[in-house]
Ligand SMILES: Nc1ncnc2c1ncn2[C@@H]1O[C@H](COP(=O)(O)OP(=O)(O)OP(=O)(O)O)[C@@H](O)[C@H]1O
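Just one chain follows, in the form predicted alone, and it is written as structure tokens.
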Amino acid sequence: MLGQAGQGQSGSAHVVVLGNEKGGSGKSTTALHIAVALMKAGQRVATIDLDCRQQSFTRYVNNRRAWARRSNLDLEIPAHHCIKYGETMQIAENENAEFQQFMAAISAVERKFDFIVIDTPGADTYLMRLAHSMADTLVTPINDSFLDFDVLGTIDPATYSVTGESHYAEMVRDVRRKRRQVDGATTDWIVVRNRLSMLGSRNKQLVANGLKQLSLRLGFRPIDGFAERVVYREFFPRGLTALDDIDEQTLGTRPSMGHVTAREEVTGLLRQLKLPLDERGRRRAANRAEWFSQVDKPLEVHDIIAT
């Protein structure tokens, strides 16, 4: 089982978990961009939505599937699983039903895919903790403000220096420690600053300084994520990402410089995640690109008859 997933055990998928106890931080948007980027790199990707109530990730994937079918577009679609919310009057029964669904989903994909991308709910739940304990790469998106910083740590209001860790950070530290004790594997924890202002400000610099201090205490890598751009909200209804071929047919409007900049932003983020792409996947991506470059061309005689 995926207690020894990813780099820790040959043949198991590398597990990427999107986690943050606070909602509205861009987990689902980041999750789909990661999944699509991996598929475009030729990797086999499965996705799991653990947010039984909100299901934003599931709707994003479903929107992508529907738009691809409606517009006859070749959009990469992950093998997606959504954990259904338990609706009995007994909490224990609900948790057990959700756990059984999750384990069934993991069992179905852990040996057949290169990556599993898991989106977790913005709350401290049993499944959220379980997913964190399985993570080879943990991505925690936060909005670029001290309101979201509070999920990770506390600060002195006069000096803005870090004074302690918050509940979520303590939980992550605990599951990472237990993971090392169980199988010796380490979790690469990345904190992604989202909704960045495109203008410099004192608040922006103070948050950056706070994250740098906290990263030394908790052992995560702070990186810049997505700026505050309207284009990311435009993508959701059609399930698109900044990595797709954006034109008037796919987007419904003429692409702007914002779309170009968003792609560069996403590419930079994914480069910093340092996910382990295998050579077989790279070859699959190259072969797929070559096939699509030739698909509309007429066959030549030498393509049909061996000489």
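What you are looking at is a predicted structure, and each value in this text was computed from that prediction instead of being measured. Quick note: we count residues from 1 along the sequence shown, nothing fancier.
Heads up, the form predicted in complex with the ligand isn't pictured, but that's what we're talking about next.
Contact with the ligand in the predicted complex, defined as a heavy atom within 4.5 Å, is made by all three of G26, T29 and Y232. For the candidate set G210, P222, G86, G122, a heavy atom within 4.5 Å of the ligand in the predicted complex is found for exactly one residue, namely G122. Residue F226 is the only one of F226, F149, W189, Y168 with a heavy atom lying within 4.5 Å of the ligand in the predicted complex. Looking at N194, you'd find a heavy atom of it within 4.5 angstroms of the ligand in the predicted complex. Of the heavy atoms in D51, some are within 4.5 Å of the ligand in the predicted complex. Figure note: of the listed segments 64-72, 51-59, 266-274, 34-42, the one touching the ligand in the predicted complex, with heavy atoms no more than 4.5 Å away, is 51-59. Taking the ligand as positioned in the predicted complex, none of the residues of 145-173 brings a heavy atom within 4.5 Å of it.
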